[in-house]
Structures are given as structure tokens and as C-alpha cells.
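Given as C-alpha cells, the chain that follows is alone and in the form predicted on its own.
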Amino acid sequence: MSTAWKITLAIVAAVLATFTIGVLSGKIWWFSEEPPLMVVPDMDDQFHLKPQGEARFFADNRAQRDPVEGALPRVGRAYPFAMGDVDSAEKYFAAGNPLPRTDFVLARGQNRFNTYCSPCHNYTGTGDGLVQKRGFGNQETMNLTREQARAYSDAKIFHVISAGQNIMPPYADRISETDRWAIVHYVRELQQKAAAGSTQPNGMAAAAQGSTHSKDMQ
């Protein structure tokens, strides 16, 4: 066999080997609508969508999908009021905050407030969080320590957290009911601190921001 034939066969063998490896590894599968053959089916090689990215698979081209209507977390329940039903919510929750105002409840409220609320309201509740500083939203309406907000009933604060207000989205589907009431207690704490002339949250929960005792509050 001539040298030219040997080189040709070697090239063909290399191409076939590369193609075979590509098919087996799932890298080459355009000729089939079936899932690629995975040598090690460990889900390491799969299609991913980026949050808030594009996905042409869906008609609206949005990768981030809305929850199925009526879906609830296993430990949650549907919030019964819409954004504008403030009066109905205040009547329904007329008894006020069902949680006792303990150090643990305040620590839990601080933990959840810092996680979900601080991007807009800042850690002090004064409304100058990072979102507002980038031009989204009005600092005055985001200021939870202003006199108007201090006059809110606990039921109204709970309703706003649950159903949203203005540009604020509802959080009833992502924060448990118990944690929302804990946040109400912590908002009162921030308001008291601001009224007393201090912009710093109390120090008793500084180490509790990373608390993992959420099950105790459910």
C-alpha cells in the first residue's frame, strides 16, 4: 500500500472516530429529534436557559416562565386580596400581627427584610437602596420610615408586602405568611429607630442574618 493511501485511510479513520465520539457524547445530534446518547447519563451536558434571557422555544421568546396559575408552595396558601383591596385586608387582619415580638422573630424579620426588601428600601428602610439609586422608583414612596408609613397599620404593611403596591411586586408567592409578619415587626423596629434619630438597625440580629432556622417559623 502506498504512502498516499495510508495517509488517506488515517484521515478517514480520524474523521470517523471524531464523529463517533461526538455522537456518543451528545455533541453531534442535529440529524435526530431524539435526545443524544449519553455515555455517562449524569445530566452534566444539557440545554440551559438563562434567567431573563431569550428562548425561541416559547412563543413570547422569554426564558423565564411565570408560575402556573394557582400554583402554591407546599407550605403556603393563596393570598385572598388584590393590590387595591387595602380596606378589605385591614378588616380581615384587624386583629393585628399574630406573631409575638421576640428577639427571634425580629431576627427572622431582619433576615427576610435584608434578603427581599433591602435592594429597594435599603437595609435601613429609608428607600435609598441600590435599585432606587439606579433610577428605578421614587425614594420618598420607598421610604418605610417616613411619617406616612409609620401611620400604616400592621395589616396594611402586611398587605403591601403580600399584594404589592405601585411598582412593588407581590411577595405572597415567595415569602411565607409567617415570615411576612416577621418582616412587619422588623419594619416597626426600623421605624422606631428612625423616629429616635438612629439609622442603624439593632445589633441583636447581626449574626442571625444567615439563620437557617426557617423551619421553626413555618
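Each form is matched to the other, and the largest set of C-alpha atoms that superpose within 1.5 Å is called the rigid core. It should be emphasised that the depicted structure is a prediction, and the values quoted were computed from it without experimental measurement. The first residue of the sequence shown is number 1, and the count goes up from there.
Although not depicted, the form predicted in complex with heme C (HEC) is the subject of the following passage.
A149 is the sole member of A163, A155, A149, A63 with a non-hydrogen atom within 4.5 Å of heme C (HEC) in the model of the complex. Remark: of stretches 67-75, 119-127, 84-92, 98-106, the one touching heme C (HEC) in the model of the complex is 119-127 (heavy atom within 4.5 Å). Heme C (HEC) in the model of the complex is approached by I167, whose closest heavy atom lies within 4.5 angstroms of it. Proximity of A182 to heme C (HEC) in the model of the complex falls outside the 4.5 Å heavy atom cutoff. Once the rigid core is overlaid between this form and the one not shown, R150 does not reach a Cα shift of 2 Å, moving by less than that. Once both forms are fitted on their rigid core, the CA atom of R174 lies less than 2 Å apart between this form and the one not shown.
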